[in-house]
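The chain below stands alone, shown as structure tokens; this is the form predicted alone.
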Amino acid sequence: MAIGVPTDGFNKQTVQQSFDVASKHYDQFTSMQRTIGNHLLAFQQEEPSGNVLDIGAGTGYLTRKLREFEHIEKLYALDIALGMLMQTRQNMAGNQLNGTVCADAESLAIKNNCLNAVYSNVALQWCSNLPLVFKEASRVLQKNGMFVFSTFGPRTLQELKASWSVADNAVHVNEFVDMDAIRSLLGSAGFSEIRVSSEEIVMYYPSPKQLMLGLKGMGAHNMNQGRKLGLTGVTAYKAMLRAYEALRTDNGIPATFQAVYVEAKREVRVNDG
């Protein structure tokens, strides 16, 4: 899994391909994302209304939950991976969805000031340029429009990161933006009334290998600069496994995911009319 305030960026084609491949079996590995999506909707103080966009819709779990709000008039799903959008269409029965957009969160391909709310559930961690993502969200929102999203914080996968650090100095686990940085970037993008909260969700797996298979099943890959471009050496890999096994509990191998919940309002501007 990955997130970044702009570093040198991820290869977006690789991200798109990863999620296209994962789309057909994605729902098998997303119980945590569904939990986070539910908590995000419980966290928000205002219910959505009017025209609403779900960025990084995946297979449409949050999109379906949003349709349950009675004051939403039009609901749209956006994802960088066409395979994910196809799954969303299949999962949204009847006329529940007003349209899909295959686009990058850093370039929404949506006209200015046309949405009342923008949502995203654990998708923005795939964006290397968060300032641009936030500016795009601000651009498409009407004045006082709501931006509500979840992402991962720096304590995510801390056990995996610590275990790899025993093995070598390469970057095996992607970096995550902290809550103060998110607040600052949102303020710079024209948002106010920013609320940020987080919780740690600990998942347990039978083995480190099962954890990594689960991450791969969700389409998550290591995209960071400093990663090994070739195969990880057997010695380093075994050292990581031994270090992680030392963390085993009665429930299995722990993996921490720091879920960050955000709600912000687009500021009224002089040129809003």
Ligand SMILES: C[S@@+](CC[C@H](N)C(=O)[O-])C[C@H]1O[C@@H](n2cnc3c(N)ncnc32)[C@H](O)[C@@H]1O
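Given the structure is predicted, the values throughout are model-derived calculations rather than measurements. Don't overthink the numbering: it's just position in the shown sequence, from 1.
Below, we refer to the form predicted in complex with the ligand, which is not included among the displayed structures.
- With the ligand omitted here, the record of contacts in the predicted complex names 75-83 of 75-83, 197-205, 153-161, 135-143, defined by a heavy atom within 4.5 Å.
- Interface membership of residue 52, defined by any non-hydrogen atom within 4.5 Å of the ligand in the predicted complex, is ruled out.
- Interface membership of residue 62, defined by any non-hydrogen atom within 4.5 Å of the ligand in the predicted complex, is confirmed.
- Taking the partner from elsewhere, residue 191 is found to have every heavy atom lying beyond 4.5 Å of the ligand in the predicted complex.
- Contact between residue 185 and the ligand in the predicted complex is not found at the 4.5 Å heavy atom cutoff.
- A heavy atom within 4.5 Å of the ligand in the predicted complex is found for exactly one of 167, 173, 177, 105: 105.
- Residues of 113-141 lying near the ligand in the predicted complex, listed in sequence order, are 121, 122, 123, 126, 127, the criterion being any heavy atom within 4.5 Å.
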